[in-house]
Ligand code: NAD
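The chain below stands alone and is given in structure tokens; this is the form predicted alone.
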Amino acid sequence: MSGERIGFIGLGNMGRPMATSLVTKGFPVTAYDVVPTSVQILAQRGAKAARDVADAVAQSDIIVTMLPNTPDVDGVIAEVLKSGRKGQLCMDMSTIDPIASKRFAAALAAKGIGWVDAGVGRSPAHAERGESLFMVGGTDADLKRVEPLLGAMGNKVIPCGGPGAGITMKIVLNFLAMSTCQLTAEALTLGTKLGLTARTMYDVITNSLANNDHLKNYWPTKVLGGDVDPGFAIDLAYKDLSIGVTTANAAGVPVFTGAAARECLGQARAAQGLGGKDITAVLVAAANNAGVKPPKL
């Protein structure tokens, strides 16, 4: 275990269990979130409660961020650049614009502050069990420094390259995962419209080359079981897929299917008000569009 003090900023569905893993494994954690009850939960589990971002930065050697979007991370980095000190390190686990990630890394490096972007794979349930996957970008020295933290929060770490490479890999991963969710929703809706049961479709798809981990392991716990409370909300999926499409456009890479999937998620948010529901609620949107009830196992 590292003896460094950890500031953990962002205690949502993923951040809270990750910060808890650090606390229960003996790391000194100072926690902050804009939702006071989230901070209270971590304090009850053994963390120190920070008054604000500046307080968390001041009390930490390594600042970890797990936040919704690029502007949220930008706000924390602005505080680190203002009041941080040489020798600190920021590890961002948020899903943000890779260009911004590289910009943060360069600005911090100019002040002698390290940077690691650690994109997170797998679900909140994996985070609860300390079984997250991390796609990491950073210098060898900085990656070595955060190894104990990553080992406490997950069981698979994949180095992807220098600063910005980890979040770039996460954008590519979510581009595929969110597009696959939309295709899964349309396939299940088509089968339902044609008279197939959810059980038949699930058994065939998950035992064939069309299988995907979302459908096999996650969907039965969510929409196929009648639960669309957010583990990972459509709003966040839309944000991630939008970053992917924008990044692809900037790189001159045509992504016709991904762009169409992004538009479908946008329709689910704007026309059907499902943005705050779980990503698997794309099945609800597809079923509504087809005039059928969402299938359940």
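One rule holds for the numbers: they count along the sequence shown, beginning at 1. The structure presented is a predicted model; accordingly, all values stated were derived computationally and were not measured.
Below: the form predicted together with the ligand, not depicted.
For a residue to qualify, one of its non-hydrogen atoms must sit within 4.5 Å of the ligand in the model of the complex; all three of Leu67, Pro124 and Phe232 qualify. Contact with the ligand in the model of the complex, defined as any heavy atom within 4.5 Å, is confined among 248-256, 55-63, 261-269, 33-41 to 33-41. Residue Ser94 is the only one of Gln88, Thr184, Thr192, Ser94 with a heavy atom lying within 4.5 Å of the ligand in the model of the complex.
With the partner omitted here, the residue from Leu274, Val23, Met14, Ala287 that has a non-hydrogen atom within 4.5 angstroms of the ligand in the model of the complex is Met14.
Mapping the unseen interface onto this chain, Ala50 falls outside it, with no heavy atom inside 4.5 Å of the ligand in the model of the complex. Under a 4.5 angstroms non-hydrogen atom cutoff, the ligand in the model of the complex has Ile9 among its neighbouring residues. In the model of the complex, the ligand sits within 4.5 Å of a heavy atom of Val120. The ligand is not shown here, but in the model of the complex it comes within 4.5 Å of a heavy atom of Leu236.
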